[in-house]
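Below you will find one chain, with nothing else, as structure tokens; this is the form predicted on its own, and questions on how it binds or moves follow later.
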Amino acid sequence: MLGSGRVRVVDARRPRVPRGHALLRLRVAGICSTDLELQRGYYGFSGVPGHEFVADVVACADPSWIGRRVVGEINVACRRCAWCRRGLGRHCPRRSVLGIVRQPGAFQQCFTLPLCNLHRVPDALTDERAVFVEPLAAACEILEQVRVERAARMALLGDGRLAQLVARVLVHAGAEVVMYGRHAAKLALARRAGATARQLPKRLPAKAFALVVDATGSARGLAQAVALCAPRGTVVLKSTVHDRVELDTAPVVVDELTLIGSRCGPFAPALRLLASGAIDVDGLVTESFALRDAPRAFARAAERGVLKVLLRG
């Protein structure tokens, strides 16, 4: 449980399973930057967080799902409104969001999600790799929003959890990715994945890239990305930040930049990329903790230089 900046472990009853939902038993879950921002007060959150997970289906109306190992999409849409009818359930005004908005999250032994949100995990894909499906899908969303030409040169600000996955997705798409970060070990991981990785300089090159992705998780990241972006270029904002973000809009207007917010993404491509080995996530897990040790796990995840921290059910 998160509340007032604290992480607590409590005993809870097994949740009721709504119609059309499945009861899931947690195998492994990942702590992401959004979870850390929720702890700091993002969305005024209080409750059970967690939305990156691998779980077993233990109860539901459809017996073919029982015992299946699954991952799940985090937006629970009404499936009836105009947005849902257009296939935009991720923006349903009535939606709840696993571990973020009105939907208790995955950092508990048992939780629920609609059956239609679930995706079966291939047998050959380990839990430690499958737990990256949700954040990898968020990285894949960039390709749904922006056309990335082969050999296109682009900048990526940040070297953390999500930035590492964004780098891998864009390199796989054929882009020449220049990552700017602060941590030598993380930059080395990006180089092994095929990116050009550079220590963040005191002064970034001005107007040097037609496409810039901000995955810093910092309130300063958007302004840095705008400064990096060439006229008529595009800035993709992947950061989730609780702090107030200030931006001088003059360069955006004068240089006619396109700003794109980017959030959740498609699970099917992410599953294929992981199952085929096209995206390698080995080396991205820093440490694992038992669910009962969640306070220590959150403290570890917040340490400088740490990548993915896992919780095991």
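Just so you know, these numbers come straight off a predicted model, no measurement behind them. Note that residue numbering begins at 1 and tracks the sequence as displayed.
The form predicted together with another copy of the chain exists for this protein as well; it is not shown, and the discussion that follows is about that form.
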ask   = Do residue 222 and another copy of the chain share at least one heavy atom pair within 4.5 Å in the predicted bound form?
value = yes
request  = Tell me, yes or no, whether residue 249 is in contact with another copy of the chain in the predicted bound form, where a contact means a heavy atom of each within 4.5 Å.
outcome  = yes
query = Are any of the heavy atoms in residue 42 no more than 4.5 Å from a heavy atom of another copy of the chain in the predicted bound form?
reply = yes
key: 4.5 Å heavy atom contact, residue 33 and another copy of the chain in the predicted bound form   = no
ask   = Heavy atoms within 4.5 Å of another copy of the chain in the predicted bound form: which of the stretches 278-286, 23-31, 58-66, 249-257 has them?
value = 249-257
ask   = So in the predicted bound form, are 125, 176 and 304 all sitting within 4.5 Å of another copy of the chain, heavy atoms only?
value = no
inquiry  = Only one of 79, 120, 172, 91 gets a heavy atom within 4.5 Å of another copy of the chain in the predicted bound form. Which one?
reply    = 91
